[in-house]
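In what follows, one protein chain appears twice in different forms, each by itself as structure tokens: structure 1 and structure 2.
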Structure 1
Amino acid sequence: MKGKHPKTALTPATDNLQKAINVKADMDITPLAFQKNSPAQSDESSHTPRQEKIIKLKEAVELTQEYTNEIISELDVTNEELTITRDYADAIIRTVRGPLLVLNKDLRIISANEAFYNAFKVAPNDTENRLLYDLGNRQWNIPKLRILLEEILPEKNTIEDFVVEHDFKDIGQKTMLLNARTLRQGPDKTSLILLAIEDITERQQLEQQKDEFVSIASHELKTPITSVKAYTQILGQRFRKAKDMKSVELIEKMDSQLDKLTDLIGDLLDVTKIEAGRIQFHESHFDFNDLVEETVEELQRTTEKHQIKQELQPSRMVYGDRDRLGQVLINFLTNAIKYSPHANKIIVSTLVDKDNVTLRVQDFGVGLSLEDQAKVFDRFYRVGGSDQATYPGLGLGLYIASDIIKRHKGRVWVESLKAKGSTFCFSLPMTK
């Protein structure tokens, strides 16, 4: 890097220092040369110690000049890079379609984008450099928001999908989905907070309307299906008396399809109850192994191809809703039968320790990919693939099962390998 910059780029103080040293050196060296009357005697061998020191000092100053120019150049490049980076970040913030705030560690607003000003009806002059809680006559002094920014975010550094509802004076009731992240920038690691805000009020209203429609439709469907099922039973009795076994067989198939339709309607009703927080539980102490054995016996009658093998540890009493937990086990077993059409074995096992009882349902069927495993408990999620049509359903059973276990303070998960089979599991705490 030496010689990269001209000496004229020196700072005034450094330049003056060099001039003074040059004048002093000339004054000391020139008389000596005249006294010797010989140019050859003005070389380094004829220099006095004082002159040698001055020469070295000149060299040091020249070297200092070069280093100074290099430092100045590097500082110019660094400042230019910082300016470009800052402008780039600012352009991103202002281009984002959703409302976005940049806060300092004291929760004072550094900048906001146009989407924020438009969504919340505020002006830049009333926003920037103000505390977040003071915006709009302290309309942003929201308890849940304070908890998010003052308690949760400092501990986790990242917050995703935090729902906040608030009634704003100017724009009315809003439901917001907040995502926040703490960033540290610069040599002093100054903390900045990015706060992204998504208005999901309309989406939530549509979801509520959809759930209400599904609930009403499900209730309305139950009545005619119940009637049709009763008629099929009457027809079945008449065909048996007439010894028309072919018709009896058709009626039994019809009755079986009506049962499946009834189960689907029941799932839809359960989902709407879950979303509305109206699903009810009737909890009591019961023998867990009794529930498993009873459910396995019931499901064994539905399949001739699969042998459901039980590997149960000694029985324990658990506290919960027996029917709802039985619903989870039925879902696990019916899925194991449905998704292992070429296997002939299913294993149901339990593991008991002092704190938890764990149930596992293992099949040897199609298995799940890692992507499917991450989403299989989501509402309406169905496993994709070329053979998807082979496995009917609404994708609600595992979602309902997961919610039932979570409401029992338990844990639900799946272990699987593609084309090797799956093991669905849930664990319940032994204490009430």
Structure 2
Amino acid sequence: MKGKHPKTALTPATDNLQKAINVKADMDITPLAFQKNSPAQSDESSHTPRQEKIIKLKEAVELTQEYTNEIISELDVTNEELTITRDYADAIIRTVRGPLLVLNKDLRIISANEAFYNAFKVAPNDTENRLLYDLGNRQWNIPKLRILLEEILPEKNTIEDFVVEHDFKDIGQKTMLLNARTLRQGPDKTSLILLAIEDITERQQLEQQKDEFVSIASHELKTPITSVKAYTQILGQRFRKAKDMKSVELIEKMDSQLDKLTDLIGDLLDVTKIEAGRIQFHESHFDFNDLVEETVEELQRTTEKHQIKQELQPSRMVYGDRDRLGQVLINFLTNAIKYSPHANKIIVSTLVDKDNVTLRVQDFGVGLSLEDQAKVFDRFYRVGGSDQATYPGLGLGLYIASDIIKRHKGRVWVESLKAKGSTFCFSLPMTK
């Protein structure tokens, strides 16, 4: 708040006034009527005690007047500040583009901003001093909103991002995001409620269109890949039958590139699914080391330079989506290979204790700065810097991986030193 507290603002002037009053009190004034018999004042230079008193009294009156003026001018300043503060709040309410309502504690509307009138096609006359629930065709009389405003708000004082889907009079079916806050005002601390309403209908539609687009696009992209991959495999088989192993090798390389392309499309689809919360898991009990060994074997085939060493503790049964957890492991291993082009070793290890099973994939590559470590699991994040810019990728793999682990109630993290290498880890809780 910008305004000063009135009491502290007035203190200097009030003090002065008090001093002036004290001076007056000190003079031990006897009413003039009782001093009529006092000797007359003839000498200008030597004042009688009575004259002295009058002079002092005059001074005190002048002083009092002066200080009173000071207080009045300070009061004016405070008033001005109050006006400024009120204008300030008013300006905010009027400037925000989103509809905003100020309600009293009975949910009667004290004021609304222009954006509210525009958005809901209503006039101030039909709005101010009316109960929120009575507005329009009682369109705000929504049971869930009532519970929120009448039960939750008084207790918590804020409501954040509450979604209301409703067929509103004049503007039709809309999705609104509500935020509310209680303000206690004035000496009697009466509550005011600020209610901000955001129309997210369009945003939601765009979001949905984007999801649909990605879903259709990935389906469409996979169709030609399917036929190319099928032809590739037919050729591979023919070369194999003809014992043309050099051609078989080329065909296998083609085939693995097609798999990479398919994985990229899969990542794009996964991201939209994560955002929409639609990623589905098929959970079962499985042997953790089996999955690690299988995946390492698969990835070892993709690199000649690196030896992937396994340091596994005795296996445990884990409950989760085996394919999705395998996807995380593949992601960690492909990153380890990709970001350690000059190393020849990668270590995959597991740690098992009574609560968790932890997997670590350690490389001896470029490593990550602290800043990059903090963001490396973010969506679309790619490590910056000139030497890093040459590494390909969409910046989705680790984001998807961390979501998969989080959805398994696990933890994912990285330990790294720049130019020394990185260790990507996840731990999964053991199910009892």
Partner chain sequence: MVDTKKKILVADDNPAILDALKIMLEEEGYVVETTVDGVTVQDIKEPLPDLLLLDIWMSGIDGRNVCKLLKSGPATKHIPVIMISATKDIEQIAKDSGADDCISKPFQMEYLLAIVAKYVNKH
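Only the largest set of C-alpha atoms that superpose within 1.5 Å between the two forms is called the rigid core. The first residue in the sequence of structure 1 is number 1, and each one after it adds one. Note that the structure is a prediction, hence the values are computed from the model and not measured.
Trainee: Is structure 1 or structure 2 the form predicted on its own?
Mentor: The chain shown first - structure 1 - is the form that fits the description.
Trainee: Hey, does residue 354 budge by 2 Å or more at the Cα between structure 1 and structure 2 once the core is superposed?
Mentor: Not so; residue 354 is displaced by less than 2 Å.
Trainee: I want to check residue 107: does it shift between structure 1 and structure 2 by 2 Å or more at the Cα, with the core superposed?
Mentor: Yes, because once the rigid core is superposed, the C-alpha of residue 107 moves 2 Å or more between structure 1 and structure 2.
Trainee: Establish whether a shift of 2 Å or more occurs at the C-alpha of residue 314 between structure 1 and structure 2, with the two forms superposed on the rigid core.
Mentor: No, shifts by less than 2 Å.
Trainee: For residue 219, what C-alpha shift in Å results between structure 1 and structure 2 following superposition on the rigid core?
Mentor: For residue 219, the C-alpha ends up 2.6 Å from its position in the other form.
Trainee: So, with the core fitted, how far does residue 252 move at its Cα between structure 1 and structure 2, in angstrom?
Mentor: Residue 252 C-alpha displacement between structure 1 and structure 2, core-aligned: 5.2 Å.
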